[in-house]
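One chain is shown next in structure tokens, namely the form predicted alone.
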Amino acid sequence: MTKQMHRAKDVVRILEQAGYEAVIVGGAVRDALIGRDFNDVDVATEALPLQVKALFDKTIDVGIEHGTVLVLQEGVGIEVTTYRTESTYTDHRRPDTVHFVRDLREDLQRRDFTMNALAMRANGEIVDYYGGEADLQARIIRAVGEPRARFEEDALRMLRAVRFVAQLGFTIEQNTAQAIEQQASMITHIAIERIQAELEKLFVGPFVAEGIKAIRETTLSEHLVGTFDEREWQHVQLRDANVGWAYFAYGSQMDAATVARTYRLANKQKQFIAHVLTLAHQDDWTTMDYFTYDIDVLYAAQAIRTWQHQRVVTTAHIDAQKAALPIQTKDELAINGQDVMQWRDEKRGPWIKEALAAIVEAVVTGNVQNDTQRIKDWFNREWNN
């Protein structure tokens, strides 16, 4: 068991000793049953939030109005949530009201898919009211209860279904898939930041091509910006979601600014995508390209060219080209702006930046050695004249 699971079971036992039913719920139970790594472990209990707080020395009210208290147990944070049911979802995103209940079955009934509606007691006993274990064994993603009702409550669950396809390699059950197709347009009610997060998890899934295919087959793709063609993702395996965004932009023929604006990506992500796309569209890379771009950008651009069956070079080749550069950064240059000002005896101005850029290129491309006197001679010969 992971450290988090140990601490979560400790929390469950403390609640049980106080007379409250408590169980481990959610993805940790699912992943434990299929032997998949997990980090976060959540607990559900019949105890009310204030009753939970009274049992533990260190707690944080992370969502107490919805019944959630973060319990700090030996340095590990465990979210403890009171059993609850939820009312209507007017905006298809969040419940209008939450009602605390004492029945675990009612709490599990509100969850999205049967494989996520499993619970585990402290002794390891599995509580399964909705056939989640059987669906796990059959590798099926099935909505709890009526699929249309689950997706009307929270339309993001439709995208979560295809994300689980990418992560687990499971198949969406027929009625659940049909409900997604019928209600796909509701995905437009969801905040783009939540969609972004699901797509990032999908990009790094080991079955990403199957996830992309599920987006297309359920027609969610018709309500999302970009191109979702599973044929382009057949050989893609990623650990970095930013590389996924770059490849998504490439396949969708979107520039970095457009994909970043559409999916609310951070400026650092936008810059990374822009650099990767620049290199991915070039047939040959110059010595200055190897100097200018970070190694992760070079790797990502080369991966895209490989997936597109274009010119292939190995990471070893990229490493060798990088290592062979006379300097790795501008900071390693033997001279600075003060030097070129003295050599030219001229006031500060934009010319200094231009001169330093020319010197860097001359050093990187081997036209001059990275030595103060040699650079000065080159500067007086090539720049001043």
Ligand code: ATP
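Note that residue numbering follows the sequence shown and begins at 1. Please read all numbers here as calculations on a predicted model, not as lab measurements.
Another form exists, predicted in complex with this ligand; not displayed. Remarks below refer to it.
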{"property": "In the model of the complex, the residue from 110, 223, 305, 121 that sits within 4.5 Å of this ligand by heavy atoms", "result": "110"}
{"property": "Candidate from 196, 116, 269, 292 lying within 4.5 Å of this ligand in the model of the complex - any heavy atom", "result": "116"}
{"property": "Candidate stretches 358 to 366, 373 to 381, 21 to 29, 7 to 15, one within 4.5 Å of this ligand in the model of the complex by heavy atom", "result": "21 to 29"}
{"property": "Residue 228, heavy atom within 4.5 angstroms of this ligand in the model of the complex", "result": "no"}
{"property": "This ligand contact at residue 275 in the model of the complex, heavy atom, 4.5 Å", "result": "no"}
{"property": "Residue 148: touches this ligand in the model of the complex, heavy atom cutoff 4.5 angstroms", "result": "no"}
{"property": "In the model of the complex, residue 164 touching this ligand (heavy atom, 4.5 Å)", "result": "yes"}
{"property": "Stretch 125 to 154 - residues with a heavy atom within 4.5 Å of this ligand in the model of the complex", "result": "154"}
